[in-house]
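First, one chain by itself: the form predicted on its own, in structure tokens.
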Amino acid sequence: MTTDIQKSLEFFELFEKLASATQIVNRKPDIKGIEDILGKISAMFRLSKGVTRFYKNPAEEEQDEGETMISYDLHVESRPVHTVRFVTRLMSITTMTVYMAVDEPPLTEDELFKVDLTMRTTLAFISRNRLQDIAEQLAFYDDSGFRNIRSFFNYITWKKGSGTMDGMAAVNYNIRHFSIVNDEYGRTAGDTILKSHYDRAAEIIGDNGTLSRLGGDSFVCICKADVLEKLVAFLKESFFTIGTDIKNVRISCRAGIFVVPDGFIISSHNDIMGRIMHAYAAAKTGEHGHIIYYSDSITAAINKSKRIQQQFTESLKNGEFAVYYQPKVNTLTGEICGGEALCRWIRNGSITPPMEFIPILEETNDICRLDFHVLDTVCRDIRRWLDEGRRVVRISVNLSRRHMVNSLLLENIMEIVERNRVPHKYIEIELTETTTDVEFKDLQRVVCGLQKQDIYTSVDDFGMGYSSLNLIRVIPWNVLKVDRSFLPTDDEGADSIRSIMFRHVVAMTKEMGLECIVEGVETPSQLKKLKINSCEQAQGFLFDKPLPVKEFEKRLDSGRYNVDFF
């Protein structure tokens, strides 16, 4: 009896330790200590093995696809002696089965009670821990197993304060043109490359940082500054092998980086996130490279963009956007044969240069509203010129690439033209070369639609896109506008590369039956080269800069420039 009492006291002492160890909620539990306790209790009751299975739902249990854990095993021939099943309100299921060696006597009623009590206590702990793991997985990981933005914010919260990120850097980046990888190698291969990229980036960052996916092929991370150079080199260029035929895929990224200064105070997520997003926005344009480090000037540029976007609607309503006209000139006769409509923002008596607001408006659909305003103004001017009996020439209006996603673009253009009762022959729509196959198809659809309405179309900045020849082979343009970069300078001879290219582009255009116009003509020497190459239309500062409507009307009234003088 004394032995039974001692054994019972020993059990309840161990059980009290087990209960205490499994009730910890504010810090990580001592798993090894719990396993040691379970091992002692198992030995006390002659158990040879304990097997726990965790199922997230009944379907997993039915298919036996859960997680299996063996907490105690003597590796002897055994038989199951007792099973406990625990079901949570979220329908997760945990089971535990204990075994005894085949030659061991069965458990007494009292022993079975104590074993059952131990198993239920352990199962409650395991179930709670696994649910916490699931909750963490759902909260901090996406469906593909990548850490998500909540995980990134959680890391920043943990670092919140002054100087907690000294010697660290934050990065916002995405993989450039990753859709091409998916298109060329398939979605499965793309997912494999994405995971390999994530794993290698995480390896570079190491334990002193974090990497999360924003979605798709976009990521944010925090790393020690001393590994930043290695990470940047990886982001600039990395190679991945896929397929049985060993194909090497090159990956490059665009990234915005914020090197955290010593003593920097983190009061909210935006103190970090805002800066790397600003730097990333600058990297996305590619104007100054694809890896951009945050600076105060970037913030100033972002604030300027926001200010312009905020002012746009009111300024448009107040008539602050005026249309200027730059004459197009026949190089042989000097006659004004057309004009290009260009927008100027006149605010508080001063003109804002187009390059200061057009790129900003192109970040949103505001540029489309401005384009339609310009087209409407041009149509009203043409209608007035016709009503006044003035000489009228065809006017070209630029449309942003942003319009290409508008399935009603053709209808929108024609509504403006028809509402102003403008003969179609006086309108020309200038469209810029595209950079993707999707945009190319949309461009083809719009140009063909305008052609059916007898609206002239011209391709702007020809020669700057990646598929220029295909552009004019497939799409039925009326006018080809040669970019000024093709126009030879005064000191270039007829045998220079630029002169040769210019000569053949003009000849090809004329042979295809297209009108050819060159922009950016600034010197008499350049005009002479146009005449020599039979390029009959030009525009540029040699003749006139963009003019207010009244000044342009005076040029129309005069009718021509003296090209023989140049």
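Because the structure is predicted, anything quoted here is derived from the model rather than measured. Position 1 is the first residue in the sequence shown; the rest follow in order.
The discussion below concerns the form predicted in complex with a small molecule, not included here.
The shortest heavy atom separation between residue 182 and the small molecule in the predicted complex exceeds 4.5 Å. Residue contact with the small molecule in the predicted complex: residue 461 places a heavy atom within 4.5 Å of it. Contact between residue 524 and the small molecule in the predicted complex is not found at the 4.5 Å heavy atom cutoff. The small molecule in the predicted complex comes within 4.5 Å of a heavy atom belonging to residue 519. Taken together, 47, 81 and 104 are entirely out of contact with the small molecule in the predicted complex: none brings a heavy atom within 4.5 Å. Only one of 195, 441, 160, 344 lies close to the small molecule in the predicted complex, with a heavy atom inside 4.5 Å, and it is 344. 400 is the sole member of 299, 400, 365, 496 with a non-hydrogen atom lying within 4.5 angstroms of the small molecule in the predicted complex. Exactly one of the stretches 352-360, 204-212, 170-178, 472-480 approaches the small molecule in the predicted complex with heavy atoms within 4.5 Å, and it is 352-360.
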